[in-house]
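One chain follows as structure tokens, the form predicted on its own.
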């Protein structure tokens, strides 16, 4: 796309200001800017969810509880293991984040949880995947979503660690899609005079990013029917859990969510429930106080907190999600070019456009809430100290017999 075509293209979209500094750029910088403009998906600006969210009628969700699972574990596991042995299930690791909140430079998955030895978050999770593969008697395809910022470091870390003993041809890396950032009036920012400001498109963008990367052909070739998507934050994450897979299949649900019982009404986790009869996840700040604290027989009525471990049916993803996920506005302090200078604001100045995995659950129509024991499967690492920290996660790892 040349300058004149770019100018017309941007004018039709109300974004012609992106060429304000074009004449100040070198020929090479001009080419970079024109390529950015050509590659940027401006259409997402038409899908913004600008309305104030109105919560529908909220009701509790039924769940397969820890006690239910104990009674039916053999049945659930038998079904799940058959799916794993037939290669119908793959894992998707969301690993695009950095370790900055831990005071660490680098991809979060490379953070060392060890005390007397090296033990990264990636290695902890890969060890769990290897255990499942050994139980199933077959290795499982793993798709790892990275970001533009950490992809090279992540791939290099896996290579340097010999893929943690896993067949490297079954690990597929892909970079999360990005969306333009904009000011409060919808004008897209320039990150530099010759670069459009872009940011990852939210955790709901994992599947579209996977497909856009070309890896859908792997799923088609291998006849993969289910994807177990999970986050890098949780060092006790159990992925491709045969009982979880079997329960979701037997309950004839289109997706499943691993949940834990909240430790208190104020715990800051999203809660799975029903909204107007459909499964949904309400963030802790969205839940009305009267519902958040509601109890029955001494238990919270809305007690099932999500752990970012979901199971999705591939066919249903393809049928349900095509072009339908809304983009939400996240107010952020976004570095950008203003009056010819790049500034780093201290206060929110615009929006990052994010899709959310919770919207995927709504569109799927049915979701099995599958309760797990939090001390065995929920050790999030979000902070260096305090709640959900490196400290608390290490304590739980030791409690589960893992040598640090």
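Numbering follows the first chain given and starts at 1. For clarity, a rigid core is taken as the largest C-alpha set superposing within 1.5 Å between two forms. On a predicted model such as this, the values are computed, not experimentally measured, just so you know.
Just so you know, the form predicted together with uridine 5'-triphosphate (UTP) exists too; it's not on screen, but the next bit is about it.
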### Message
Can you pick out, from 227, 94, 255, 129, the residue that has a heavy atom within 4.5 Å of uridine 5'-triphosphate (UTP) in the model of the complex?
### Response
94
### Query
Can you pick the one in 202, 305, 180, 279 that has a heavy atom within 4.5 Å of uridine 5'-triphosphate (UTP) in the model of the complex?
202
### Message
Tell me which stretch of 291-299, 165-173, 94-102, 213-221 has a heavy atom within 4.5 angstroms of uridine 5'-triphosphate (UTP) in the model of the complex.
### Response
94-102
### Query
Any chance residue 332 has a heavy atom within 4.5 Å of uridine 5'-triphosphate (UTP) in the model of the complex?
yes
### Query
Contact between residue 238 and uridine 5'-triphosphate (UTP) in the model of the complex at 4.5 Å, heavy atoms?
no
### Message
Can you tell me whether residue 188 touches uridine 5'-triphosphate (UTP)? I mean in the model of the complex, with a 4.5 angstroms heavy atom cut-off.
### Response
no
### Query
Within a 4.5 Å heavy atom cut-off, is residue 141 in contact with uridine 5'-triphosphate (UTP) in the model of the complex?
no
#### Entry: Partner contacts for 140-159, taking uridine 5'-triphosphate (UTP) in the model of the complex and a 4.5 Å heavy atom cut-off
145
### Message
When the rigid core is used for the superposition, does residue 134 move between the shown form and the other one (threshold: C-alpha shift of 2 Å or more)?
### Response
no
#### Entry: Did residue 292 shift 2 Å or more between the shown form and the other one, C-alpha, core superposed
no
### Query
Honestly, after the rigid core fit, is residue 330 moving at least 2 Å at Cα between the shown form and the other one?
yes
#### Entry: Direction of the Cα shift between residue 117 and residue 98 in the model of the complex, where the change is 3 Å or more
farther
### Inter-Cα distance between residue 99 and residue 117 in the model of the complex, nearer or further [3 Å or more]
farther
